[in-house]
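Here you get one chain, nothing else, as structure tokens; it is the form predicted alone.
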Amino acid sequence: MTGPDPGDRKASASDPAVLKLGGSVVTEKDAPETVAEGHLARAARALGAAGTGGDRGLVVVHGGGSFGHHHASAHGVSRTSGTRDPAAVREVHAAMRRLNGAVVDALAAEGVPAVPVAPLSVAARADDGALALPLESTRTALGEGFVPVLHGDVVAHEGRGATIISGDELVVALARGLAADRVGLCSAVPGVLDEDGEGVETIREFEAVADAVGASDATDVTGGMAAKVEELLALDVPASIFDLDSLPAFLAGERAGTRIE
């Protein structure tokens, strides 16, 4: 059997889709270091059925869930609070690598050409918090038909030791740096919910949902729904927030959950 034409593979590297599988999807968030095996398997089947990889470029990012957040919180590390304790850095990173291994293995079992990419090895923050994420290896992997799988992680931060890089930050950096054609965040909820618990169809400005989603630093060490909405609004490509039920629709290029534009 022959693979995709090399020219097609290289073309896909310029306009991939970027998909985040939230920590609430791939882990049991209330049980430290516990993979949500049923949900992860379901997501992997959807990606496998969609024929991702090859000439259908896709980059996957996954959150930390009960792996990264548990250890980061224990060491007081967040996107803004750093640590110079190398043992803490190793502990958070090792937990995320374990989860990344589970995600990559699940995708591979469904025929997805997934390969791991560790942000700690390539990314860094400047003193002002600005993120540098070189994408040469990810872009090349896409061009060769692979599906790079990145994850929230610790990264070296000038003046603060090491801080957290969230999956949502990675999604934004990847979407911009790779000229993605669309972005999707698969979460535990069917989209952004308003104050009455109803799904919001489209968001064009943060103020429209600010009261419902709260402050951007309201939840775990990487920020909550508000941070996601604010970061996705800053993109020049359409983004969607949806649950597992709508993952096949997103992969097919159809409308899914809440659209952010």
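So that there is no doubt, residue numbering starts at 1 and follows the sequence shown. Predicted, not measured: the structure shown is a model, and the values here were computed from it.
The same protein has a further form, the form predicted together with a further copy of the same chain, not shown here; the description that follows concerns it.
Item to complete: Quick one: from G76, G129, P190, P116, grab the residue that has a heavy atom within 4.5 Å of a further copy of the same chain in the model of the complex.
Response: So the residue touching a further copy of the same chain in the model of the complex, by this definition, is P116.
Worksheet item: Which one, V172, I165, V112, A180, lies within 4.5 Å of a further copy of the same chain in the model of the complex by heavy atoms?
Response: Comparing distances to a further copy of the same chain in the model of the complex, the residue within 4.5 Å is V112.
Item to complete: Given a further copy of the same chain in the model of the complex, answer whether the residues R90, V104 and S121 all have a heavy atom inside 4.5 Å of it.
Response: Yes, the whole candidate spot contacts a further copy of the same chain.
Discussion item. When the contact criterion is heavy atoms within 4.5 Å, does A141 count as touching a further copy of the same chain in the model of the complex?
Written reply: It does: once a further copy of the same chain is placed as it appears in the model of the complex, A141 has a heavy atom within 4.5 Å of it.
Worksheet item: Wondering, does H157 line up within 4.5 Å of a further copy of the same chain in the model of the complex on heavy atoms?
Response: Because a heavy atom of H157 falls inside 4.5 Å of a further copy of the same chain in the model of the complex, the answer is yes.
Worksheet entry | Partner contact for R125 in the model of the complex: a further copy of the same chain, 4.5 angstroms, heavy atom | R125 belongs to the contact set for a further copy of the same chain.
Worksheet item: So, in the model of the complex, is S137 in contact with a further copy of the same chain at a 4.5 angstroms heavy atom limit?
Response: The answer is yes: S137 has a heavy atom within 4.5 Å of a further copy of the same chain.
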